[in-house]
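First comes one chain, alone, set out as C-alpha cells in the form predicted alone.
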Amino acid sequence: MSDGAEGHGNLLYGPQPDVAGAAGYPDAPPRMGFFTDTSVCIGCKACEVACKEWNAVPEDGLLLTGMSYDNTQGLGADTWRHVAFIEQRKPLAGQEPGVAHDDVDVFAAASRLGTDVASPGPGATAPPPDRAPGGAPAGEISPVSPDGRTELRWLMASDVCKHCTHAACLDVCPTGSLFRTEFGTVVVQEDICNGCGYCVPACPYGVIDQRKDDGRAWKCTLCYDRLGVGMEPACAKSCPTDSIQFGPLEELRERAQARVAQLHAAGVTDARLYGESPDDGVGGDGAFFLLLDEPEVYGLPPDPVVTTRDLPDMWRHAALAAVSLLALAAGSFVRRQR
C-alpha cells in the first residue's frame, strides 16, 4: 500500500477516509454509522425488538442462557441486534466494593425517594450543584448510585454488525451478495447469496452467520431501506435513552470523544472508545462503542484485524513459488535435451 493510494482504490487494510468513493460512488453522501454509548444502556431490548419487526427477522425463542438474563446469547443470522447483560462485582468508579446492605429497609428508602441527597429521585443522574454527593462533581453525571450501593454493577451493551472500513466478509464473497452502499455500510443481499459460508469465518467479530433452514448468510443492514428515504435505523429510533446514536460518522466520533471526557471528569476512568480509530486493524468501524471495561468483558475481540489483510503477501508468495517451480522444470528439461 502506498501513501499516494490513501483515499482511493479498494485497499485491504489501513485508513480509508473515502470508503464509498473507493467502492465506486464518486458523489457519495457522508459516511453514516452507529455510536453506541453503553454507559446509558438500560437493557430494555427495544432495539432488538425494533430490528426484528422492521427487518422481519425470525424470533430467537424465550429461553434464558442460564448464565445471565440474556436470552439471545450473541449476534447471529436471527439476531442482528444483541443486548449483552454482564454482572460484575465492581464499583462504577472509585468507590470501595464489598459494602453490605443487609440492614437496609428498602420500604423506608423508597419512601425517601426524591427527598434527600442520597435518593435524588427516579430518573435523576445529575444532582444540582448544592446537593452533589461526595465524589461526584456538582452538575455532572454522578458515578455514585443513588443510595450508595457500590459493590455490584450491571454492564449492558447493544451489539451490532460493525460495518468495517475494510470488510473481509465483502472481500471474500464470490457472488457479490455482499456490497458496500453509498452510505459506507455493508449489506448482504439474501436473494444472491449462494450459502457458501466464506463470509462467516472471514468476519473478525463473528457477526455474520448462516441461517440453519436455508444456509444463506444474514446480518444487520443498518436498515439500508430506511436510510434511502432519509429515515434513521429502527434500533436507533426505538432506543429510549439514546444509547444508540445514528448519524454521520465523523460527527459521531466527535460526540463520542466529548462523552468520554465527560465521564472521565465524573470519575468513570474506565470509559473508553472501541472501534472508532481509523488506525485499528479494520480501518475503523462504522459502528463503534463507548465501553466501561475491557472489550473482552463484552465478548468483543481486543484487537480485531481484517482477515484479508495478508492476501497480497500470500498471493505474492504463491506466485513466487509457481515461478520457481516453472524455472526448475525448465532447467530439468534443458539438461535432459543435452
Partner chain sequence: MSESDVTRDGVRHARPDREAPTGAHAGRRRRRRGRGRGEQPMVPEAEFSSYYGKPVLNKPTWKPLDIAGYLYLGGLAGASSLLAAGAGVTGRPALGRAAKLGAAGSITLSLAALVHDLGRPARFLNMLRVFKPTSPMSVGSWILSGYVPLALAAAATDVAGRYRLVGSAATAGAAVLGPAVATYTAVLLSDTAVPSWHEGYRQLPFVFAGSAATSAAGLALAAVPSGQAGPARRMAVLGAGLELGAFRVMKLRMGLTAEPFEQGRPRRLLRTAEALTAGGAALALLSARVRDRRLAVAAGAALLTGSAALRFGVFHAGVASAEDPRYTVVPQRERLRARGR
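Positions refer to the first chain, counted from 1. These numbers were taken from a predicted model, which means no experiment stands behind them.
This protein has a second form, the form predicted in complex with the partner chain, left out of what is shown; the following refers to that one.
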Q.
Under a 4.5 angstroms heavy atom criterion, identify the one residue in D242, E87, D225, E251 near the partner chain in the predicted complex.
A. E87
Q. From the list P58, P30, G61, P301, which entry has a heavy atom within 4.5 Å of the partner chain in the predicted complex?
A. P301
(Q) So, a 4.5 angstroms cut-off on heavy atom distances: do all three of T307, A322 and L326 pass it with respect to the partner chain in the predicted complex? (A) yes
Q.
Contact with the partner chain in the predicted complex for S238, defined as at least one heavy atom pair within 4.5 Å: yes or no?
A. no
Q: Give a yes or no for S68: in the predicted complex, does one of its heavy atoms lie within 4.5 Å of a heavy atom belonging to the partner chain?
A: yes
Q) Would C173 sit within 4.5 Å of the partner chain in the predicted complex, counting heavy atoms only? A) yes
Q.
If we define contact as a non-hydrogen atom of the residue within 4.5 angstroms of the partner, is R216 a contact of the partner chain in the predicted complex?
A. yes
(Q) Please pick out the stretch from 230 to 238, 204 to 212, 243 to 251, 261 to 269 that is in contact with the partner chain in the predicted complex, where contact means heavy atoms within 4.5 Å. (A) 204 to 212
**Q.** Partner contacts for 229 to 260, taking the partner chain in the predicted complex and a 4.5 Å heavy atom cut-off
**A.** none
